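Starting off, we have a lone chain in the form predicted alone, written out as structure tokens.
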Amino acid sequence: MKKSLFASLGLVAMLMATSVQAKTLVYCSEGSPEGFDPALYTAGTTFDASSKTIYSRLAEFENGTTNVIPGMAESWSSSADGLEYTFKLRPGVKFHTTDYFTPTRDMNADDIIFSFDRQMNEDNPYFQYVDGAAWEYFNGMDMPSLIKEIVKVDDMTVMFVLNKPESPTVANLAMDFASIFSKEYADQLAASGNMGDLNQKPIGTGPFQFVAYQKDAVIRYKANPSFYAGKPAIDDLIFAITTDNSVRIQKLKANECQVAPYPNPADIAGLQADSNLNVMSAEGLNVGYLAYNTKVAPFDNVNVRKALNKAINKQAILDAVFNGAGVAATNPIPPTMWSYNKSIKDDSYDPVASKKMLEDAGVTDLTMKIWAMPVARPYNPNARRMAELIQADFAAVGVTAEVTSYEWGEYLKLSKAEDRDGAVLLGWTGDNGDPDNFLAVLLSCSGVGGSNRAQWCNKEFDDLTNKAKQSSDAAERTELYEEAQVVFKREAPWATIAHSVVFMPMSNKVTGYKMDPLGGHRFEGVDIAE
């Protein structure tokens, strides 16, 4: 009797064990990644597919906040003069084991140094390991002039020695470009002549391991069982690349995916009324803009730029593109960010004055291009529609504009060109909660030809933002950034368009998802009900 009972219980246990299926979450991504080395790029789409899933950093942003917490470094300290930052590394952090790489050691100081040296040292074999490698973020933040050297104190201690103090240093090292790579894996690829695989077959220490990528279709990941913060609850994570906003929502409603970002603003009310869905929302730490190429005539003339700004009917854009879920942008940083200059007045919508200013500047029969993004972004849910509205506004003042676009990766690449025609629609979501991340990255002289799509270099503006970075006094930094915004508005390298409210619809079976104020999509803390 007992033997029979135990046998029956054993059989039930076995059947239960075999019936347990792996938990799978499908995320309908809005676009394809440019690659899987986040240091090479600046697009949030790429970061979601690489740095947010596969990699870790010395410091991390606490999920759902801009608070900086320990990551691969369990602690850090800085010298009194702010020129030395010493990081004590977390022991036992393991790189991913895949069918193409098996690590022989844990993460150590060599990996930290390699991850940054390749972005700043022209003699590093990985400095130009892919065509056109520009380390856009690293250079846009002027890191080459900031970092004097990175010292290996011992296997588990590294010291960043700076040429000048920089207040947001630790927060900067929590950003996507600062993801840590395996030097052992890089050396293996170099020895085999397959260095490009660092960008195509990634190895990290993050919550999910890369499995496969079918271009423009699907990315597959699996949970990292050795993740230092604990194995994620999701066993299999799938990015189903779905560029059409409406199709993403159709897939969500059909449970073909469980999370679908960037819905059409007109669809929000219907999604909120669906009892099977949960629609999160938050005021975005973002800005959408139209960047003129200030190196190319007539956009090198500030009066022409300001005239075009006056031609743009922002309220019509907010109504038609954002469906009211946004506010007109005055400054290049959002109003929720500290140091926002509330005293600055926006360009008024005045087509009559716009036309006269163009005539006074000697500009007649102007023909230009307006670049429109092919994908939805949090700061611009429909760039094509926005471009068409601006096109009509410009026509009303005698300017003929052609709307043009490219595949997302090509769009980002070509829009950096210093001889680019016309004006490009783009935007930004903050990466570390600091004004420097907007003002210096997007508008500094060091960002020209990269993250500074306006190709605008203004010494007065640069001096103000550089001085602000070097100060540890919050009041002084605020005053300097407020002055920098005055210079920006006076010189008008952009037409500032809007700051949006971000909506995040998902299945109500999804738990643990937190909206990232920095705009990313993270799944290490997410679970899904069976």
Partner chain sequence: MLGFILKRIALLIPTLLGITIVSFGFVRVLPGDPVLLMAGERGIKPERYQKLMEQFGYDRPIWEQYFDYLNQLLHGNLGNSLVTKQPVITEFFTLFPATVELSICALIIAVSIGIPAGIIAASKRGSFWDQSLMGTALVGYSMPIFWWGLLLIIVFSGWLQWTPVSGRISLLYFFPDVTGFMLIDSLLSGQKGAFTSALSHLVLPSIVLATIPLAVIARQTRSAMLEVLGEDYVRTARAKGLSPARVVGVHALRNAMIPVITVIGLSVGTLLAGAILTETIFSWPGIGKWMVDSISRRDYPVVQSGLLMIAIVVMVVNLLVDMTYGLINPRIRHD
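Positions refer to the first chain, counted from 1. We call the rigid core whatever largest set of C-alpha positions still superposes within 1.5 Å between the two forms. Bear in mind that the values here come from a model prediction, so they are computed numbers and not experimental data.
Omitted from view is the form predicted in complex with its partner chain, to which the following refers.
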How about K94 - does it come within 4.5 Å of its partner chain in the predicted complex, if we only consider non-hydrogen atoms? no
Does the 4.5 Å heavy atom contact test between D123 and its partner chain in the predicted complex come out positive? no
Indicate whether D81 is a 4.5 Å heavy atom neighbour of its partner chain in the predicted complex. no
Can you tell me whether Y41 touches its partner chain? I mean in the predicted complex, with a 4.5 angstroms heavy atom cut-off. yes
Its partner chain isn't shown here, but in the predicted complex, which of 401 to 409, 352 to 360, 304 to 312, 384 to 392 has heavy atoms within 4.5 Å of it? 401 to 409
Go through A273, A297, A212, A417 and name the one with a heavy atom inside 4.5 Å of its partner chain in the predicted complex. A212
With its partner chain left out of view, which of V279, I238, I113, A171 would have a heavy atom within 4.5 Å of it in the predicted complex? I238
Relative to its partner chain in the predicted complex, which residues of 222 to 247 have a heavy atom no more than 4.5 Å away? I238, A240, I241, T242, T243, D244, S246, V247
Could you tell me whether the Cα atom of G82 shifts by at least 2 Å between this form and the one not shown after core superposition? no
Taking 2 Å as the cut-off, check whether the CA of K52 shifts that much or more between this form and the one not shown after a rigid core fit. no
